[in-house]
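Next up: a single chain in structure tokens, the form predicted alone.
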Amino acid sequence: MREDLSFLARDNFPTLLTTLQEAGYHTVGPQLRDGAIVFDTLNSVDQLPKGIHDQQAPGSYRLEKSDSPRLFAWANGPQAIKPYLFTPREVLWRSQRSKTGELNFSTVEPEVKPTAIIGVRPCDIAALYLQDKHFLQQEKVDPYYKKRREQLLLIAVNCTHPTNTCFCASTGDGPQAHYGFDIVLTELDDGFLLEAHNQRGGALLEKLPVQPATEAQQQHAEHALTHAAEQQTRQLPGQNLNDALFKNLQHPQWQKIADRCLGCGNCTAVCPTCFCHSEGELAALDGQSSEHHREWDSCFSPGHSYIHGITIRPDTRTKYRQWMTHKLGGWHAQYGRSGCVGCGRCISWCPVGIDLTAEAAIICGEGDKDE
């Protein structure tokens, strides 16, 4: 029995939100919008998706309502927390023409306030680790991402209700969070087990009306997490597919995927680790000023591989191949691990239901599906 776990009764859960708000945090949490669970400003626990369950399958996402008192009995929605650090669109700098015709450039600093996100899933914690690798731990640090990251407090929630498309257990990124959070919750029917991961989380925990977790509560939580891992039927054919994928660049399955793929980029839009972006200028109509912005892009977009009059990846086959080989293979050399955290979003939100795990198994020689 662990002595560092605390229990917060369900009736006392609102004190977590009020404690964060009193500490000056802008609070964010999951809530229902347009038939999906997304993160947004959280002013009251009544906004959380109480009694909501998700049903996901290749190309399918549905929500169901029940009488359950649970707030986190769902796997994930389409959004993740990436937009709160790597924003979908932002201005990086502005230029202004002076009266004498000279151009003056000024950097646009993002307006950032301390933000606490409640309900972050283990797979999205793992995705944040990869985003940190890319934006913070390279030779050039991204100051926009860095400023937001420094103001972020994370309340993770262990996943006890995986859905059909989840495979985080096979990637090693869930259903239990082990790093990267301030506090992690495991939801039970009557309340929550809480564990602080750092000093900031411990200080927050001391302000809550908690009591030591009993042995029965801990066993219940452990059983729920074990069951969540056992429920997952999908998996990739390995955690490092670099050699297997690059040995099969001419595999006929690439074309079979392309015959179904719409090239819409949904998989990259919902992926919590994708970081491709484009940059452009937006000039004022009077010609006296301009803004330089960056916004999310996708390796499926027509201009992504355009270089000096040549499109390197001109068709859907080569675009999808680039996405999978980079995500599951090339990232090992760049970031020390796969770019996939097993969240399954790319499967659920693909309009034609392409299953990344099944396609990777075929290309790597471990599957027999012929589609």
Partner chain sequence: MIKPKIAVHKFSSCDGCQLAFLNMGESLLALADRVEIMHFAEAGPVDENASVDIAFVEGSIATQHDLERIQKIRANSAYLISMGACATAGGIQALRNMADTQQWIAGVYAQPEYIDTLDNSEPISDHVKVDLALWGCPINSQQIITTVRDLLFRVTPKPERDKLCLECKRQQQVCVMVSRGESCMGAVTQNGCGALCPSVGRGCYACFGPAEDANCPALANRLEGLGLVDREIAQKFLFINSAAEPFQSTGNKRKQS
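Because the structure is a prediction, the values reported are computed rather than measured. Positions refer to the first chain, counted from 1.
As for the form predicted together with its partner chain, it is not shown, yet the points below apply to it.
Not displayed here, its partner chain is approached by Val38 to within 4.5 Å at the level of heavy atoms in the predicted bound form.
Under a 4.5 angstroms non-hydrogen atom cutoff, its partner chain in the predicted bound form lacks Asn248 among its neighbouring residues. In the predicted bound form, at least one heavy atom of Gln288 sits within 4.5 Å of a heavy atom of its partner chain. Pro88 belongs to the set of residues with a heavy atom inside 4.5 Å of its partner chain in the predicted bound form. At a distance of at most 4.5 angstroms from its partner chain in the predicted bound form, none of the three residues Leu20, His161 and Lys207 contributes a non-hydrogen atom. A heavy atom within 4.5 Å of its partner chain in the predicted bound form is found for exactly one of His227, Arg97, His220, Lys147: Arg97.
Listed stretches are 67 to 75, 275 to 283, 187 to 195, 231 to 239; the contact stretch with its partner chain in the predicted bound form is 275 to 283, by a heavy atom cutoff of 4.5 Å.
Contact annotation for 107 to 135: no residue has a non-hydrogen atom within 4.5 angstroms of its partner chain in the predicted bound form.
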